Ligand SMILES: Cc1cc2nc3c(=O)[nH]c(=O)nc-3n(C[C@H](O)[C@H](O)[C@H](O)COP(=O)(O)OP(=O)(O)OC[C@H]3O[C@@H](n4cnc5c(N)ncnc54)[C@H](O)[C@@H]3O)c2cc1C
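There is one chain below, alone, in structure tokens, taken in the form predicted on its own.
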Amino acid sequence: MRVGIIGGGAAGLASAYELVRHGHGAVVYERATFLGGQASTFTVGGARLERGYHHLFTSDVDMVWLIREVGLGQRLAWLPSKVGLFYGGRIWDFTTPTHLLRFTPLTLPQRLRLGLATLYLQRYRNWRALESSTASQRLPRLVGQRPYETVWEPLLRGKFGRHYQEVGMAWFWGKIALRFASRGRWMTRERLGYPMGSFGEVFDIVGERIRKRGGQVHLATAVRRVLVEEGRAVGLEVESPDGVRQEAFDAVIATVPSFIFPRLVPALPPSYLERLTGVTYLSAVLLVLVLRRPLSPIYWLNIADRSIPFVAVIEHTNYIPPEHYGGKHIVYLSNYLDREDPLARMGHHALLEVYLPHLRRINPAFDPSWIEESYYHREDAAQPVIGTGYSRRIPHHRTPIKGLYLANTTQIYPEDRGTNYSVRLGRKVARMLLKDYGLPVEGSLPRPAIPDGITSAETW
């Protein structure tokens, strides 16, 4: 069987790898000049660095499987991380229960309630019972109004902007349940995983393995449209530096965002199109600073102060030592924005000028002279806004066009986007396709972190 795959990110590469593992042909088309999508890299201090910060939780069994499968298991390091919260003009450690007890902006009863509510959510399993509520409706009742307004509301506002009251409680639960699983039974020190050659190296090697097993991977090649005859996908029209051509396939897997998919397949029925267009995406806008000195002692600093125009400061070299990057200190300034937001419309240097004064609030000693280099990255399909009752509205993997399958981050639920879930999604859809064509499928996927995951996207 020969399958065309649109997109060379985590989901597309995982789909292709699963197909070639089963002895079938897979051809990947990636419009960029590199693989890995949001996990792709550039070079800082002689080492590869992700354009957007990446790490693994202990529950990320699918990405761990892939890393080991391609022979990089010995390079996967599990390292302690340090989480903080910027509130009231200072940084508060926020990694362990002891740190929460020291968070004096809340009274002791409020701190205890916030901690117990978090523990409750971590152990809660019936996420479907949460689907009818938004996080902004449910959290104040669960943690208390003052803790909600101090911690969770500013973080939701920072992450989702004007959409923060639309975010479903089931989505929020997924973030808590998975994040705190990496802190162990008693929510002590968190350990996160990182492939020391970078995530980009992992996906480059996956691409090499696909080629070695007879598949193809084409870079700088954009898919212009899916070829459909009598209601069935029969090929792809692609454009590369060599020109436009048509390629025949037995089936097609698209891993593009939902708002891109209708441009490739204009003949979709309204019922399916409504599922695609019913999801809002936020852009990830990232500034990466290469500093002479560290900005803070924290790896992941959440900003619970909405007068600061970014939502998080991820100091990568407080997790992976600066020696790995030639002694450089690397900081990501992270934001999620509507595409029409004024900050999203700013260029690299204009945005840096807006951000610079706020870095002194995080570290009063900071001086712009610390910055040796800075980089700007933007991804317009970074974060879907997942609302209430979403399990009933997920776009199905099996599209109304026979032989055409969709796998993207709007179909990862109740988990959130991430390389782990994209790898799982890609493999799952490839196996679904093989079963649909009556072809044998060997083995099974690693056990997911949330065993009662959603199944409605599997059928049409």
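Counting begins at 1, following the sequence as shown. These figures come from a predicted structure and were not determined experimentally.
Although not depicted, the form predicted in complex with the ligand is the subject of the following passage.
Not displayed here, the ligand is kept clear of residue 16 by more than 4.5 Å at the level of heavy atoms in the predicted complex. In the predicted complex, no heavy atom of residue 414 sits within 4.5 Å of the ligand. Using a 4.5 angstroms limit between non-hydrogen atoms, residue 403 is distant from the ligand in the predicted complex. Put simply, residue 31 is close to the ligand in the predicted complex: some heavy atom of it is within 4.5 Å. Note that among 353 to 361, 143 to 151, 253 to 261, 128 to 136, the stretch whose heavy atoms approach the ligand to within 4.5 Å in the predicted complex is 253 to 261. For the options 304, 100, 289, 223, the one in contact with the ligand in the predicted complex, meaning a heavy atom within 4.5 Å, is 223. For the stretch 404 to 424, the set of residues having any non-hydrogen atom within 4.5 angstroms of the ligand in the predicted complex comprises 409, 417, 418, 419, 420, 422, in sequence order.
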